[in-house]
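Form predicted on its own, single chain, as structure tokens, below.
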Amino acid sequence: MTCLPSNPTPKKLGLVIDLDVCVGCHACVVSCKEWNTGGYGAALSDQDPYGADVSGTFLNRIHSFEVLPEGGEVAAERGEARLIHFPKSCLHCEDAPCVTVCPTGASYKRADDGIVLVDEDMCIGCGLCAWACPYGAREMDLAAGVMKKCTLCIDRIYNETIEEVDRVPSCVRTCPTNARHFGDLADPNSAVSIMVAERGGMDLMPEQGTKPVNKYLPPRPRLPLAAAAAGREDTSGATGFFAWLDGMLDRI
């Protein structure tokens, strides 16, 4: 079996995902698929993509959940329900069970930055790592016969031939609502660490004891629709473009 780094990694590169502003547009999913299909390693395959039994390999997926208001048993029973979009990929855990269960050493955790990777040349496709991951973050590529997972776009974040602004994971660069953030969570002064501290960032399923590096920022409380409507500003004095815009918004 494979061993984890003997000492804590000096860096903990990972993602911070803001569930308050994610709109479930799947831009991150598409961007991830495109970058990793054209980047390092084999392409992420699809099976029967235009048929009735379509399947494919994705390193990042979004799940959407309807959250019921407190005291309600069905949607809209006691106030407005809320839709939460939940992106999920590898969390690059400090105590990664997918690494220690690997019989060939294909799954490993980098000692310098904590990124969990798969050496596709050593992977035999046994699937033990997928069974060990409590988050379901690994996917078997049926065409390649090896396990695939999020790499934090390692071929991108250290690539000095591209602009510095682009040296972040593809999903982070493409997110239109700024719901995804990348940085060093071992540095308490990094932007992502400050964000986690200020917003009460959470681990996913902390009871599993895997110590995930990636964090989730919880959704902020919402005003009921009636209260929000009652607090609308008076725009009756608007002129020009703003008057036109106000009129158009009233029709929605």
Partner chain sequence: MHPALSIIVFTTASGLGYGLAAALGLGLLNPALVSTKLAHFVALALIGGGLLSSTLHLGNPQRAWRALSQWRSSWLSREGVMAIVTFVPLCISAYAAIFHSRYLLLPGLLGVAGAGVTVYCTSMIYASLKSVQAWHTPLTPLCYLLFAGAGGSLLGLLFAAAGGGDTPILALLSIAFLGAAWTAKLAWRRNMENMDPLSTPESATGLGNLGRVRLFERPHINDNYLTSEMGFRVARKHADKLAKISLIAGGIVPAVLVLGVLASGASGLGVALAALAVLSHAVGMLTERWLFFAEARHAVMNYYGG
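The structure presented is a predicted model; accordingly, all values stated were derived computationally and were not measured. Numbering follows the first chain given and starts at 1.
Only in words, not in the display: the form predicted in complex with its partner chain, which the text now covers.
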Residue 123 versus its partner chain, in the predicted complex: is there a non-hydrogen atom within 4.5 Å? yes
is_contact(residue 66, its partner chain) in the predicted complex, heavy atom dist at most 4.5 Å: yes
Please check if residue 104 has a heavy atom lying within 4.5 Å of any heavy atom of its partner chain in the predicted complex. yes
Closest heavy atom of residue 149 to its partner chain in the predicted complex, within 4.5 Å or not? no
Interface stretch in the predicted complex with its partner chain - options 156 to 164, 169 to 177, 109 to 117, 84 to 92, non-hydrogen atom within 4.5 Å: 84 to 92
None of 43, 62, 186, 27 but one has a heavy atom within 4.5 Å of its partner chain in the predicted complex; the exception is 62
With its partner chain taken in the predicted complex, which residues across 107 to 141 come within 4.5 angstroms through any non-hydrogen atom? 120, 121, 122, 123, 124, 125, 126, 127, 128, 130, 131, 132, 133, 134, 135, 136, 138, 139, 140
